[in-house]
Every structure is written in structure tokens, then in C-alpha cells.
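The chain below stands alone, shown as C-alpha cells; this is the form predicted alone.
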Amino acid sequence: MKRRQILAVVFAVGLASLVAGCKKEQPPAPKTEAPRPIEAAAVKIGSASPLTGPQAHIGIDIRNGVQLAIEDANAAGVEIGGKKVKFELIPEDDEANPTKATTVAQKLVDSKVVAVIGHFNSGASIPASKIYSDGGIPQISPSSTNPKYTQQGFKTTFRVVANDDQQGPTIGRYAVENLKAKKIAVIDDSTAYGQGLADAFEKTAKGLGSQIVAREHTTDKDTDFKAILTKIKGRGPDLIMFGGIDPQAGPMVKQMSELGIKAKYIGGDGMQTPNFIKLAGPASDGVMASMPGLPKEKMPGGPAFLQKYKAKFNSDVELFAPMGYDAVMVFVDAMKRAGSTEPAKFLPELSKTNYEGVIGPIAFDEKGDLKNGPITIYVVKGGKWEPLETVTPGTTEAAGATASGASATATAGAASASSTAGTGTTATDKK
């Protein structure tokens, strides 16, 4: 009996040890990991403008507007086709040079951007647009105004400003009908922008009965205009029109004052910058220039945009930052409607755009031009650009601007411009 009891005890102890050993060898329960957040798909958007050289202040202004839009879109957590996306800015410097612009365009296409905001200059946008078209990449220029840009038949080409077939005649009519100019001298900087704007102005002014007493050409690199101005002075013009950008317009107006030329001075958007006033100094007072779009303070989203821009960059908007911002948002809107970030899929949606932007309503015609783009005439008074009159091409109505003491009507605007344009003239250079 005792032996059987001992064996039973031994067996029980062995069995317990075996069971215990088996328990120790069991693997630990797997740990459950928290689900990882879904990474947003990267979407590259290119920006092309002069970031170095004499026009860099305008090109950087455009890039800054694009950057603000991309940051706002990312902060909003944009979803396209049910997937979260993160936009990435790819900025390039075209140096306001047509040849460099084509190199930049190819680089952006090779970088797999899905869209491009640019270029600033028409002379850059026109050759670059073929490269974007060949690559199937949609392009919106925030500033190029030469009509040829959208007349090439490319389905990828758009702009969010009025063109020079609208801007040039607007300046021409204002010069003849409001300023009562009878003898006009015309100067251009030999660029696609400057010469195109001057040609459209000259045609309109002639058609309204004014005499073109001189037509002169310079370049977008010159800063000494005394020979041209001395020649023009002998023709006795009562108005000088300049097609070009502010690095040339500022010195030109200053030299007009030094030569005692009393003619009024008017130009286009390329000179309607704070930099022009810095370059021309006191001679800038009374100079006039057109600018596509409403006065920035009168744009639907203008006040908020100006405040946001100032807070971000510690500087004021130069020219086309609001247009650069809206160009990005137009692309984003088209992508949302297409449910895709693939250019081939959202490109058809661009032509259907009906977007309310910072600058106002944005829609494109069959060529990619902005429909009903307003144009504002400004005058320099007391070291600041003040709006005189806003015109919407294709209509007969002009809206008088009232900012900072500017005239409330076109008639009053003309009188104000006439009374303040006694000495000097100003010019500007752009696209």
C-alpha cells in the first residue's frame, strides 16, 4: 500500500511539473498596435517668376501669394477623390528671361508638377506655354497680359487678368477722353508685354483723333533715357505713354523732371508698384498707370488677404500676389470637381471654372482668358497709388473709385490727374 501511495504522489508531482513547464513555454499574447494615420498624398504645384534681378520684387510677390494659398489649402485638410492630399510648392526663378523660362518650364514638367502658376512676363509665358502644353500640364498666369499667350490654341493655357487688347484700349480712351491728350509720344521696352501694350494704346488713341508725335523703343535693361526724352521733348507732347516695367519707368520719369518735360505720363500694370514710386521719387507725383483688377482694398477678399500677407511676410503686396493666390485655389477647385489630381482628369474642369476668389469672380472664355476682367486707372498722389476709375471691358460703365481721397467719378478723376501731373511722368515694366 505504501509503495502505491508513494508512486501516486510521485506521479502527481511529475504531472504538475509537466503542466507548469508547458505553461511557461506558451508564447506571450501579441500586442495590438495603434492604427497608423494615413499619409496624405503629395501633390506638386510649380511657381515660375523672376526671383532674382531687377524684377524680382514682383516675382517674389507672386510666389508669396502662391505659398499662402498652398498653406491655406493644406491647413484646410483638402480631400480629393476621397483621399487627403498635401500640396507642395516647387518655385523656380525664370529671371524674366524667355530662354531661361523654357528651361524652367521643362524642369517643372520633369519634376512631375501637376500645375504651374506663372510666368510673370508675357515674354516668358508665351514660349514656356508650349512646353507645358506638350507635357499636358495646365498653366495659369497671374499677370501675363499679351494677347498671344492665349491665342496659340493650347488647351492648357489660362490667365486671371485682363489682356492688353483690353488694357491698352482702356488706357488709350482714358488718355484721349479724360485727359484730353492731343499730342502723344509712345515708348516701349521692346518686350512682348511692353510693345504689345503700347501698340494697343497707340491704335486706340489714333482712332480717337490724337496725334502720335513720336514712337520710341528702349529695352528692359536700360536706365538712361535722356537721348530719347530729349528727342521727344522737341515734339512737344502733352502726354507720354510707356509700355514697360518699373525699373525703367522710375528712372525715366525722374529724368523727364530733370529735363523739364511737363507732359503727363501714363503706363500699364508693370509700373503700378510701390517700387516705381521709390525709383522716381517726387517726380512720380501725378503719374498714372492701369492695373488689371479692382483696387486691392475693394476686392471681395482684399482686406483679409492684405492683412494675412502682411502678417506672413512683413511687407505689403506689390502687385499680383492676390492673383497668384487665386490661381492655386482655381486649380484646387478643379481637382475637387474632377475627383483627381491627375492633370489629364482635372484639366477639362478648368474651362468650367466658376470660382469666387480674392479678386472676385473667376471664369474663363474658350481661349482661357478671364471673362469680364476689370481694369483700374491709378494716379500717384502724396507718395501713394490712388485709384481713379475702374472699367470693365465690354461694358460702357466706369466705376469711380473713392479710396484715399481719389476722385469719385471718371470726370473728377481726370481733373485730379490733370492738376497733379504738372511735372515728371512715370513708367513701369512688366510682361
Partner chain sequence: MDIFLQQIVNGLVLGSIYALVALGYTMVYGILGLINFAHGDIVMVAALVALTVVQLLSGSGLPPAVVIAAAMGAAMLVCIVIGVTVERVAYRPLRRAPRLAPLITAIGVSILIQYSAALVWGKQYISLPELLQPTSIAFGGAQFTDLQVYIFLLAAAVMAGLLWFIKSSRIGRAMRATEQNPDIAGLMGVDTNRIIAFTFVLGSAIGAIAGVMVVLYYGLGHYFMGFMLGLKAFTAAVLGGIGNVAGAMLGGLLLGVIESLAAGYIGDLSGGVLGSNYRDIFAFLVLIFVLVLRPSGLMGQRISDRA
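Positions refer to the first chain, counted from 1. If you're wondering where the values come from, they're calculated on a predicted model, not measured in any experiment.
The form predicted in complex with its partner chain is left out here; the points below concern that form.
Checked against its partner chain in the model of the complex, the residues Q211, Q307, T219, N354 give one hit for a heavy atom within 4.5 Å, which is T219. A heavy atom within 4.5 Å of its partner chain in the model of the complex is found for one listed residue only; from P322, G118, P292, P247, this is P247. Just one listed stretch, out of 234-242, 73-81, 323-331, 170-178, contacts its partner chain in the model of the complex at the 4.5 Å heavy atom level, and that stretch is 234-242. Not displayed here, its partner chain is approached by N275 to within 4.5 Å at the level of heavy atoms in the model of the complex. Within 4.5 Å of some heavy atom of its partner chain in the model of the complex lies at least one heavy atom of T52.
Contact annotation for L68: none of its heavy atoms lies within 4.5 Å of its partner chain in the model of the complex. Contact between K226 and its partner chain in the model of the complex is found at the 4.5 Å heavy atom cutoff.
No residues of 104-142 lie near its partner chain in the model of the complex, the criterion being any heavy atom within 4.5 Å.
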